[in-house]
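Next comes just one chain, in C-alpha cells: the form predicted on its own.
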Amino acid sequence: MTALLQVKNLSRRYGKVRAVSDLCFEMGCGQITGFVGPNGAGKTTTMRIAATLDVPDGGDVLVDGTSVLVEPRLARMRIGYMSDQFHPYPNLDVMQFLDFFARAYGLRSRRRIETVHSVANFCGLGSFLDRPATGLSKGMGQRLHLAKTLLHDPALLILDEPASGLDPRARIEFRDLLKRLAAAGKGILISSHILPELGEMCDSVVVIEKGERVVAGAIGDVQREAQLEQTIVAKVTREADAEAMQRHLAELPMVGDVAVDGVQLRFAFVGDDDDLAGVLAGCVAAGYGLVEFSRDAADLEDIFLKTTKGRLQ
C-alpha cells in the first residue's frame, strides 16, 4: 500500500544555510505524526514544500503517490495546509469567509452551502457564522483556520503549530477534533513545541535537527531505539496485592523502579509489546487482582532531549 505522505531525500538551502538536508520519512492514512525539532530545524520549510508553497533544491514529496513538484495542482486537492499564522480577511463574517474558500476550491451551489455548514458545525462554529472573522478569540480563530483547511475534504492535513497561543481548554478541544479526523482516516502531520500534549495524540513521530532526520517511526519503536524507558501504570484491588506485585515486578529484568501509591503501581519498563504482554500475563496468573494495566502517555520530551543535541542554525 502506498504511503499517504512520502518525503524523499528533501533538501533546501537559503543562501549559505541548509534548512533541510536529505530528509526522508513517510506516514499513512489515519496516523497523527508529530513533527518535532528545535527552532530553525527545518520543520516549517519541509511543511511548506509538502504543501506546494516552496520548491526544494533536491528530492521530492509524494502525496498519495502524486509528486508535489510534477503535479502540484493535483497534489493540492489532497492537502489541507494550516500555517502557524492566521490572518482572516477583514470585512467578512465567518460564513462569508468559509464560503469564499469553498468557491475557491471549486464547490458549487447546494453542495457548497452544505459543505460550509457541515464543516462549521464539525469545528464548533455553527453559532458563530454571523460573527466577524477578525473578531474571534484565538481559540475560535484556530477553529476557523481548521475549518477553512477542511472544506475540500483533504486526505492529508499539514498543521504547523496549530495550538500555539491557545488556552488549556481550547487546546483540549482542538486536540479532540484532530483525533476525530484521524479516526475518520485522515493523515495528520503536526508540529508543536508543546511536547507533552503532542504525545497524547500522536502515534508516530519524526524528530529533525539542523534539517536532518534524527529518528522517525512509531513512538514505541522510537522509545526502544533510543533506549528510553516506558512508564507502565497498574491498579489492583487491595494494598496487599500492590505490595506483593511490587516484589514480583522488582525481580523482572526489564522492569526498573516500581513505585506504589495505595493500590496503584507505576514502574519503568524496557522491552517490546511481547515482553510487556508477558509481564501482564504473569501478574494475572499470580492473582494480584488487576483492574488496570496501561502505558502512560508517551513522553515526547524525553525522546526530544535524548535524540537531539541542541544544535541550532
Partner chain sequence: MTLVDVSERGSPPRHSFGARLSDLVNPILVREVQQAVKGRVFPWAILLALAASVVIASVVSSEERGVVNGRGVFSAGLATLAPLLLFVVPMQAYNSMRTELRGGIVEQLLMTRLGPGRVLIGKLQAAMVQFLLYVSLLAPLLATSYLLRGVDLPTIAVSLFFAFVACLTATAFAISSAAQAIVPALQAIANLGMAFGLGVATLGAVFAIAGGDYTQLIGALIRSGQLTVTLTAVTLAATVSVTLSWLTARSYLLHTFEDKSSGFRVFLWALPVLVYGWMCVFVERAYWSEVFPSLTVGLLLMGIGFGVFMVTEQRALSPRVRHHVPKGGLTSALAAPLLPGRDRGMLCFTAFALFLLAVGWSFWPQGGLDERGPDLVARVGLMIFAYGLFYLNAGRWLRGLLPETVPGSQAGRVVMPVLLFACIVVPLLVDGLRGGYVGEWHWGHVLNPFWTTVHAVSDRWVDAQPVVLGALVALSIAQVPLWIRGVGEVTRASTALRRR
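As the structure is a prediction and not an experimental result, all values here were calculated from the model. Residue numbers count along the first chain shown, from 1.
One more form of this protein, predicted together with the partner chain, exists but is not displayed; see below.
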Q | Partner-contacting position among Leu125, Ala242, Leu136, Leu181 - heavy atom within 4.5 Å of the partner chain in the predicted bound form | A | Leu181
**Q.** Single option in Ile190, Val119, Ile232, Leu144 placed near the partner chain in the predicted bound form, where near means a heavy atom within 4.5 Å
**A.** Val119
Q. For the spot marked by Arg238, Phe267 and Val284, is every residue within 4.5 Å of the partner chain in the predicted bound form through some heavy atom?
A. no
Q: Have a look at 167-175, 136-144, 72-80, 200-208 and name the one stretch with heavy atoms inside 4.5 Å of the partner chain in the predicted bound form.
A: 72-80
Q | Asp54, heavy atom within 4.5 angstroms of the partner chain in the predicted bound form | A | yes
Q) Quick one: does Asp93 come within 4.5 Å of the partner chain in the predicted bound form, counting heavy atoms only? A) yes
Q: Mark Val255 yes when one of its heavy atoms lies within 4.5 Å of a heavy atom of the partner chain in the predicted bound form, and no otherwise.
A: no
Q.
Contact with the partner chain in the predicted bound form for Ala155, defined as at least one heavy atom pair within 4.5 Å: yes or no?
A. no
Q: Heavy atoms within 4.5 Å of the partner chain in the predicted bound form is the criterion; list the residues of 102-128 that meet it.
A: Arg103, Ala104, Tyr105, Gly106, Arg108, Ser109, Arg110, Arg112, Ile113, Glu114, His117, Ser118, Val119, Asn121, Phe122
